[in-house]
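Taking the form predicted alone, here's one chain by itself in structure tokens.
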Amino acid sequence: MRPGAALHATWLIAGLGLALALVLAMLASQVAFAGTAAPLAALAEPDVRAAIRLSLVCATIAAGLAMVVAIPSAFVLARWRFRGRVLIDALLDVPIILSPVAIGMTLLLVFRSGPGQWIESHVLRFVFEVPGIILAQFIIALALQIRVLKAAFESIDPRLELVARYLGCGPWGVLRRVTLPLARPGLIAAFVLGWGRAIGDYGATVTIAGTVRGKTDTIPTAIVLNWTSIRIEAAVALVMVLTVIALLVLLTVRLIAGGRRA
């Protein structure tokens, strides 16, 4: 092996080892701090279970609604060429870069405007309510899902869609019978990543929905609420739950990617 290649390999291995050590240290610290018995007992507490249940329900709804919007948006960006496409593509990436707190504050300002207050009074209340959690998580998940789906659609050979058109399929038929089945791994990965991003959000959720125990406290907000209330075991239990969810999400996406390459 050449000296330059050996140095490069050593650098990569050292970086991987450091990253792995940091992750393992985080997991070990959770167990070492409170053990396993106390956090497991804390999971039986009603408010802890309520926070987990609310997070699972809201994240699933938000990720599902985001997929309904992300699929046509990503397909248009992947297949159509039009003026202003680059600007729209960049704008859709803003929620990925922007602080979640800023997203939540923006939503709060929207619902404090005239039209927003009318929606709050006559349609549906969002501020400090469960729909606000879903809306915040929807925006957080949407940008990531569009990015994943756009890459999935761009990886499909457009000639396959053209062949289907020549064989008599209309645009909807091509999308339903050719494009979406070929993009199935990307669809699953987009939903799982969006769901995981939504369930882990704190900034946008707490800004618009607050953290009312038993009403709007999701897993991340309940962690802070229990920590500041000196309920350490409950906070650590929720951190463990969130860590397991994150690990399962990432393993799922990697299994999908591995199956696709195979």
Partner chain sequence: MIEVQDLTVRYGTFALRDVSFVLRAGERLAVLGPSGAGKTLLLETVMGARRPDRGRVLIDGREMTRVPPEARRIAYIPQDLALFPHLTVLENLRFGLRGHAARRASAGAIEEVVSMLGLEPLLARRDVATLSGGERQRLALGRALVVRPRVLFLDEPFASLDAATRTDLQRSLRAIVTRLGTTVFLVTHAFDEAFLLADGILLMMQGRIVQRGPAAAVFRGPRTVDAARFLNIRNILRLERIPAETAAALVRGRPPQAPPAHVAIRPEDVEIRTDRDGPGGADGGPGLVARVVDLFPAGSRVTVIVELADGGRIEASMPSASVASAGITGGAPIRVHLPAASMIALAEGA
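It should be emphasised that the depicted structure is a prediction, and the values quoted were computed from it without experimental measurement. Residue numbers count along the first chain shown, from 1.
The same protein has a further form, the form predicted together with the partner chain, not shown here; the description that follows concerns it.
Trainee: In the predicted complex, which of the listed residues (Ile88, Leu162, Val101, Val130) lies with a heavy atom within 4.5 Å of the partner chain?
Mentor: Answer to the contact question: Leu162.
Trainee: Please identify the residue among Val123, Leu167, Leu109, Ile97 with any heavy atom within 4.5 Å of the partner chain in the predicted complex.
Mentor: Comparing distances to the partner chain in the predicted complex, the residue within 4.5 Å is Leu167.
Trainee: Among the candidate stretches 187 to 195, 135 to 143, 111 to 119, 173 to 181, which one is within 4.5 Å of the partner chain in the predicted complex when only heavy atoms are counted?
Mentor: Checking each option against the 4.5 Å cut-off leaves 173 to 181.
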